[in-house]
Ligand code: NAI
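As structure tokens, one chain now follows by itself in the form predicted on its own.
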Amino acid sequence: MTYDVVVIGGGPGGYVSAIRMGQLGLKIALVEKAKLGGVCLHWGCVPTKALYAATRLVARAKEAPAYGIAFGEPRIELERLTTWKEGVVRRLTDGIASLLKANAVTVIEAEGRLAGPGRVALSSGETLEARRIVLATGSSPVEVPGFCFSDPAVWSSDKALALSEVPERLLVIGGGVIGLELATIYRRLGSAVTVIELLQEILPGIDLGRRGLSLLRRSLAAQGIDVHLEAAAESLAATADGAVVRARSGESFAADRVLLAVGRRPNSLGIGLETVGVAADRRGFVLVDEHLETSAPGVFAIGDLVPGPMLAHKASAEGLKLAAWFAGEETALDYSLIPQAIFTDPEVALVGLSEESARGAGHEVAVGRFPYASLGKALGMNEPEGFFQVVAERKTGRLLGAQIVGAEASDLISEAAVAVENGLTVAAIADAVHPHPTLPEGLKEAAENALGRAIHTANR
């Protein structure tokens, strides 16, 4: 069978690009060996956020006496929680399948690999031909020496999200996004959680300012999550009392389960790159040009398979960019402006440059902040911890970046993302009337503060 485009991988990059290409009238085949939606939908973003929301109820119940409302001790029924989480995933999976069908995308349930120019070999024994091939095979959790996922004591993020048990003691190796999000969930479920991080700070690689990092560390400690920095895990031993992890510093950490969350690697092995001469770097990332084309003409790659932030919305944006290119339209995608949301407690969200990065890049900046503690809506929600921060170019007022640490930060960052993407000024945000009392007022107030005309906080 011959197609205009064959997409290998049905995650948020693959299925989004396939749908858009179908809308553009191209004949598309989408090859997926496991489940539509990929890691994000089944073993990542969606189940994590569903469990984050569900377990937030446990934390809120404990806070209820502050309102004068009393509940009994929450009882967690793990099997029902798992069923609910899987129901959310299934509903979204079914929706993707319907959308693919509605846009005339042929979905093929098989493993696909490159088999020469314009050819994709399927595990079923068939071969597809296409003018263009898109690789969207995603990524997988990384193992490190001494810690293997085949060991029942060692969990990957996939295993942690399966909710097979709530360990009494959970040790998380890796203080990045995945490690801290799962640490938050399991602490709410009742585990005693310890996080060890190789580097000097949590959330390595995330451009969160010192103020945000400090607030998050304090909050993790207040929740009972024990964080150890500059602690390199070296060995794992089984004892009568569970697993013991020894660190290079000489410290030992006892646990019933060990969650290994040290990063992810691109799924570039075994997909036939060598059959067409697709180049990859030493880490396995496929190299692409500005049009997402690999070193092999007619073969393109998107998502976690290529360099850049490993984010579902980044993969989707690349899929849309690629579809537009196939239709003869060139669209820009500035990776430095892709927002990120981290589901810790409090939530963290950021877009563009931090204050430190902006200054380091040579910008003369104006910074505005506003605390959650001064927001009527936040106080009414009993969510006083956190702040809004905007960073603008002093001379022009152009918004360079924003950071929000606090309740619902993941939802609040989008207004700033639109402003940064479109080169708007802080005055544009400050002058827009925001409804009261709401949380988005905090961004307006931070913008007012950057302009030196704040009403509800002292001007800087």
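If you're wondering where the values come from, they're calculated on a predicted model, not measured in any experiment. Throughout, we count residues from 1 along the sequence that is shown.
There is another form of the same protein, the form predicted together with the ligand; it is not shown, and what comes next is about it.
Looking at the ligand in the predicted bound form, residues 144, 231 and 264 each place a heavy atom within 4.5 Å of it. The shortest heavy atom separation between residue 118 and the ligand in the predicted bound form exceeds 4.5 Å.
Proximity of residue 177 to the ligand in the predicted bound form falls within the 4.5 Å heavy atom cutoff. Put simply, residue 311 is close to the ligand in the predicted bound form: some heavy atom of it is within 4.5 Å. Contact annotation for residue 341: at least one heavy atom lies within 4.5 Å of the ligand in the predicted bound form.
Among the residues 204, 190, 298, 384, the one placing a heavy atom within 4.5 Å of the ligand in the predicted bound form is 204.
Proximity to the ligand in the predicted bound form, defined as a heavy atom within 4.5 Å, holds among 81, 166, 199, 327 only for 199. Only one segment in the set 191-199, 128-136, 211-219, 314-322 has residues whose heavy atoms sit within 4.5 Å of the ligand in the predicted bound form; it is 191-199.
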